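As a starting point, one isolated chain is supplied in structure tokens, in the form predicted alone.
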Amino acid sequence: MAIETFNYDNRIVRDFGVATMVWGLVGMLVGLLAALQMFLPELNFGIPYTTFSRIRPIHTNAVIFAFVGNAMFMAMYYSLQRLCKAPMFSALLSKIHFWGWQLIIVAAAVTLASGITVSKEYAELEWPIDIAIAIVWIVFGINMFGTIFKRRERHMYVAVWFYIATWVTITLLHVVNSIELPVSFLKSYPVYAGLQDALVQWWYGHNAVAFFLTTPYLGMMYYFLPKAADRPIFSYRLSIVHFWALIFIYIWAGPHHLLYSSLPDWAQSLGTVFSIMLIAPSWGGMLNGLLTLRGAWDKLRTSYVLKFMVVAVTAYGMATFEGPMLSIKGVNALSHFTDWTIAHVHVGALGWNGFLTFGILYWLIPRIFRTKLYSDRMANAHFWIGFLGIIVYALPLYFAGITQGLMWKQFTPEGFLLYPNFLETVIQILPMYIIRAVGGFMFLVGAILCAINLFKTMKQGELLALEAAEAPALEDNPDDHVGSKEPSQWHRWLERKPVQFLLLTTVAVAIGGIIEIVPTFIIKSNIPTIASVKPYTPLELEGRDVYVAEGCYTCHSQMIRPFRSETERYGEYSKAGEFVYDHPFQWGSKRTGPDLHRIGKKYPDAWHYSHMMEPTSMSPGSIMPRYPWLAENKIDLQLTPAKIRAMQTLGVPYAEGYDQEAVDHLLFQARSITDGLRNSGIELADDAELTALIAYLQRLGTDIKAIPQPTTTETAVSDGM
């Protein structure tokens, strides 16, 4: 059998590795600033680009797509070549992928800081960047599958299965969730509205966590953990069950983000059932990783690489147990909208993604630079500082979340809310926010030590840019076409067929989304219409765009759940039919401030003006930043008719030709607001962004007639306690 020689490309691995370290530090630094702003609002600096509501999505995008994304590509480019015994399909495509991804990250940071956003969690970027993401992702896919097709190793190892599932599912998620109608170069509206938009978004949002933060990292675990431990993976058969069960079940779990919302009960129940089922495959993967270390405990005590990896896999197990628990309605009734969710997410992000990334970096960089790590002591210090940082970060947020949930629901013996003022719950948990920031600072210090250590390692070594390798050519084998009744043999046959594997994976991940999403579009009873709900006026539509641009959704929900504690505090619970003209939906996922769905007409216009200019003047002790620029910034009235036409295209029933009258109607409504403010001694321009925002806030929740509130002995729905 002829032996072929070839070279592995380590240059692209190095490039993504350096990007991982750089963007990791940037993302964590922005996250620390956001954590400090939670108890030191003056650190918002009084300018639009650094408010919490704008830097929070910068932080999430930087950590997910810049830090984790680059780490994922680094590990995939390194492991895929060796698992396939072939160089990457195209060095040119590798370079296009690398530089395209970095440019997307920069574009994301600039646009999000400028208030250019679609406001959908983990999918905030506007349509030109979405298209760029799709192009770069396809480039990566061509490069990956081209490498798989020209492999010299007959069977695709389990890590490759997870890489394939990642590419297929992220492609599906991104395309479906990013369908938008452009209004201008940097403004668009999602084609979905209200309930449908929420369901599609959390189908995307949950599975972006599943298939960007989890499946590629499981592939990385299956490759790098055995390498670091110098032992084979514990169970091949368990890896088969883990893979297929995980990718099939995960895609159904998105609705558990919308429990007790206006989503139909059947969809909520599906999300809960499949979320609980996720425990089995998730823990199967965790155990497969941990049991690989059997007999390697002595090495574990001395290897900083394995220490990082063991904590990472353990954190994966903790997060994938807690996630299904939070999807149980009784638990979710307490946890949702609180910091409990933030703690849960960061156990996964810091422990699973962060520590596995660090472990792989420490293992990989010295190898491709043909040298020893610069400092083992620095790596061990990083481990302990980072590990303690995770604990100090997460524990206070668990306490904060439970405190919030209980305080929101607490009644006096006479049947009145014990804490009717939402701000009381915020003030109560400020000490926990301070401790959380300390934990975040510790984790950042550890990451800085890692970066210094790795850069010094690269400086003392020399990159092995093209690593020589050899392997026999892959030849067709008659046995490939012969089946066996043994499940593992059937799967070994499938592992030799990348096209069939790709198709089966696509079917497995598509089923859940189709069954959950399609009925909300074709069965009208899922979204009962309400005759009194009317489209937004042009001024209210512009105000809603300001609300979206400023990121108000990051701290305020617009979804009153059917609990007595919420209807007493906010008003009538939210109905699906109220959101039919909302492109995008604004239900929110965290309440740092109170729910705003029934804020309309609750306060006079002057209150809203003063609250935006100086929040503490209306709410002493508030941690909300100031928004003085909204009084100076002007609405782009030239774009208003195009926005009305876009809404008409999306099915909003504005009258024929209304776009030509929209600006006149906008200014007429604006004058009624500014005249009233003038009577209160406040001067505000008719076309100011703040005028439009006030109009939008005063509209919220006023379309339906409130149902009489329950008495002190009645409840709207059990609080799930």
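Throughout, we count residues from 1 along the sequence that is shown. Computed from a prediction, not measured in an experiment: that's the story for all the values here.
What comes next is about the form predicted in complex with a small molecule, which is not displayed.
Region of this chain that lies against the small molecule in the predicted complex, out of 293-301, 245-253, 624-632, 125-133 [heavy atom, 4.5 Å]: Partner-contacting stretch among the options: 624-632.
### Query
Quick one: is residue 596 in contact with the small molecule in the predicted complex, heavy atoms, 4.5 Å cut-off?
Because a heavy atom of residue 596 falls inside 4.5 Å of the small molecule in the predicted complex, the answer is yes.
Since only the chain is shown here, I'm wondering whether residue 697 would be in contact with the small molecule in the predicted complex (any heavy atom pair within 4.5 Å). The answer is yes: residue 697 has a heavy atom within 4.5 Å of the small molecule.
inquiry  = When the contact criterion is heavy atoms within 4.5 Å, does residue 607 count as touching the small molecule in the predicted complex?
reply    = Taking the distances in the predicted complex, the answer for residue 607 is yes, it comes within 4.5 Å of the small molecule.
Next on the checklist: Can you tell me if residue 191 lies within 4.5 angstroms of the small molecule in the predicted complex, counting non-hydrogen atoms only?
Outcome noted: Result no; residue 191 lies far from the small molecule in the predicted complex.
Consider the chain as shown here, without its partner, and state which of 581, 547, 260, 98 has a heavy atom within 4.5 Å of the small molecule in the predicted complex.
It is 547 that has a heavy atom within 4.5 Å of the partner.
592, 574, 335, 214: which sits within 4.5 Å of the small molecule in the predicted complex by any heavy atom? Going through each option in turn, the one that passes is 592.
Is every one of 169, 513 and 517 within 4.5 Å of the small molecule in the predicted complex, counting heavy atoms? No, the whole trio is out of contact, none within 4.5 Å by any heavy atom.
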